[in-house]
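The data below hold one chain only, encoded as structure tokens and taken in the form predicted on its own.
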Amino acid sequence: MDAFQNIGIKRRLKRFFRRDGRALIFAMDHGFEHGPEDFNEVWEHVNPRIILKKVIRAGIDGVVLLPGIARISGDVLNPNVGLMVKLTSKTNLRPKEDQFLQSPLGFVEDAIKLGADAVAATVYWGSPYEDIMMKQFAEVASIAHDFGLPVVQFAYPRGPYINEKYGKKEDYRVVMYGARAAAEMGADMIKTYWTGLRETFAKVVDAAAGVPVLLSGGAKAKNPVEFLKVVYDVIEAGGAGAVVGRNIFQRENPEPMIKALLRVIHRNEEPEEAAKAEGLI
């Protein structure tokens, strides 16, 4: 028989994943990590309440917020939409040599007070500060699991050694390594980079040993169909969906993109078909 905590983790994960085991999650931690200029393209979306109302209306499965934004906009969140509170981050204002470190900005108890269904923390695998972030993640996971909260790792290979050895952070070997490390640390969900090919992303999924792997959406794509193709390949590779920020909030009307992504993720629709159905092309 499952312990109480395991029941809680399973129930809360279902608030993100539909019956097909897949999810489209909206990320909005960019104002802290990248700065408000990320919203220049559609400035009204700097107000989290405006963009969150739009994404919820479009049918998003879950959202990722930092504690303060969850507090500011908590009353607009639909109870049927999973809330993930990210507990680590960094700013682009810190010195270049410290950019490979994420720091705590909240605690599991804060996330519980906010009504979170999951908590998240980043580990830059291969960073000179890897051990600090490993400890942070371990502490978050231990406390969160005691309270029956799922824990998500943003497993990002990032650091000078990776650049020297592999040439780029998206090399499938280091993405695969990071996903495996996240699974071995006890993550209940993993967010990581696209590796460029369906076949190599399938290896990342395999390395995660059954822990759901979601795509990190990255920068806004110039052609929406190209981004839909990436998400389609993630699903075909066995991925569990995508966590998308700029490809949503940097569009004045994000609803067509969200609905097209939902078609690809939950209906296995071809990217062009989904884009046409939602008027993106």
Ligand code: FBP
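Since the structure is predicted, the reported quantities are computational estimates derived from the model, not experimental observations. Numbers for residues come from their place in the sequence shown, where the first is 1.
Keep in mind that the form predicted together with the ligand is missing from the display, and what follows is about it.
Look at 132-140, 105-113, 150-158, 204-212: in the model of the complex, residues with non-hydrogen atoms within 4.5 angstroms of the ligand sit in 150-158. Put simply, of Gly238, Pro256, Gly59, Gly218 only one has a heavy atom within 4.5 Å of the ligand in the model of the complex, and it is Gly218.
Only one of His45, Arg246, Lys229, Lys54 lies close to the ligand in the model of the complex, with a heavy atom inside 4.5 Å, and it is Arg246. Taking the partner from elsewhere, Arg251 is found to have every heavy atom lying beyond 4.5 Å of the ligand in the model of the complex. Among residues of the shown chain, Asp233 is not one whose heavy atoms approach the ligand to within 4.5 Å in the model of the complex.
In the model of the complex, the ligand sits within 4.5 Å of a heavy atom belonging to His34.
At a distance threshold of 4.5 angstroms between non-hydrogen atoms, Ala70 is out of contact with the ligand in the model of the complex. Shown here without the ligand, the chain has only Lys191 in 178-212 lying with a heavy atom within 4.5 Å of that partner in the model of the complex.
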